[in-house]
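First comes one chain, alone, set out as structure tokens in the form predicted alone.
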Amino acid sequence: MVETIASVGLPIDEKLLIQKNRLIPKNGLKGDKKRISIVTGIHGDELEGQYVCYELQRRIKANYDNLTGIVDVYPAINPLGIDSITRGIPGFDLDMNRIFPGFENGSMPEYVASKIIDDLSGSNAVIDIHASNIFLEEIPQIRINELSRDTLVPYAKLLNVDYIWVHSSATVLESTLAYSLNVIGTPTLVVEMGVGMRITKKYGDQLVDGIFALMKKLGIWNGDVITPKEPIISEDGEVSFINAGKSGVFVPAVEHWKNVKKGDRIGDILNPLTGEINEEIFSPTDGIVFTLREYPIVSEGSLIARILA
């Protein structure tokens, strides 16, 4: 059942609609039903979650008798951004994930944010799905504020991701959807995976398998589920950042999500004009490359890779 949770008038007789699709058990909503909410599209250039929304619903509908709780799917929290393939809200030059919890009597983005918070509040779990940008590829991972670690890590371990990154509270932005929901007691996990402006089907399938495992644990699904993979869990201090020292064209010498040793070659920054190597990049530590540069053009300071030690 498609529901509109926010509607705002736009120029030329158009409307901004924030919608969700609610799937409920065949026997209705008798008794106390658990609810999981799948949210994506906050950033219009992050499309990995679009496939997840489709595939999750396809699998549920193919085995509908196994649904014992409520599944709310919000595929386009920022539909204007998705339509224009822009990260923020067009016309406002604004990152939507920096205005939560919003304000009902505020500007259009603040009003919409407040309605989203109101609608998601009370979910037994919220999965906020993001992709990387067009420059980097990320393995499926969940990022958690250390203040919510005890509540969220048990849920995160069911989602079949490769990595759980627990951030220090000092690095967490309080104006995000996840922070705003967690602070009012609605458990919310942030998933990052893939690359901006594209869909990585294998990552989407991996996450959907995990969502069903979490649904089973919450009492929302009675069907068979996978045994989730055991993720690596780390703190901020265990992650090394590699940045470009020179501009040029980056060509990697390692594969994504592979082990490297200290001193291994990560890649080269090339100079197409002179036919020379501007910079050779080596790993500063032993570890796993969990973020790797996807877009080859780099400037001084561009992020090349993240390595989990």
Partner chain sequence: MEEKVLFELNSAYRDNMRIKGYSFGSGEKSACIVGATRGNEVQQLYICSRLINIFKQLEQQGKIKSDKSIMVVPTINNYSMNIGKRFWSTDNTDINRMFPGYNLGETTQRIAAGVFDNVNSYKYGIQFTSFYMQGDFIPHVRMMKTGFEDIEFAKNFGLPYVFRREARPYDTTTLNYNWQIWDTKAFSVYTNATDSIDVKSAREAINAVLSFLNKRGIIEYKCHEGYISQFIEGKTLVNVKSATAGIFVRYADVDARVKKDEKLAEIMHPYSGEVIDTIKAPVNGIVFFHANQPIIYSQTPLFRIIPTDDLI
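Numbering follows the first chain given and starts at 1. Keep in mind the model is a prediction, meaning the values are calculated, not measured.
Heads up, the form predicted in complex with its partner chain isn't pictured, but that's what we're talking about next.
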Residue stretch of 197 to 205, 158 to 166, 122 to 130, 174 to 182 approaching its partner chain in the predicted bound form, non-hydrogen atom distance within 4.5 Å: 174 to 182
Heavy atom within 4.5 Å of its partner chain in the predicted bound form - residue from 106, 219, 237, 154: 106
Listed residue (94, 117, 225, 147) with a non-hydrogen atom within 4.5 angstroms of its partner chain in the predicted bound form: 94
Contact test, all of 110, 244 and 301, partner its partner chain in the predicted bound form, heavy atom 4.5 Å: yes
Partner contact for residue 187 in the predicted bound form: its partner chain, 4.5 angstroms, heavy atom: no
Contact flag, residue 98 vs its partner chain in the predicted bound form, heavy atom cut 4.5 Å: yes
Close approach of residue 263 to its partner chain in the predicted bound form, 4.5 Å, heavy atom: no
Contact label in the predicted bound form: residue 272 to its partner chain, heavy atom within 4.5 Å: yes
Partner contacts in the predicted bound form for 1 to 19 (non-hydrogen atom within 4.5 angstroms of its partner chain): 8, 9, 10, 11, 12, 13
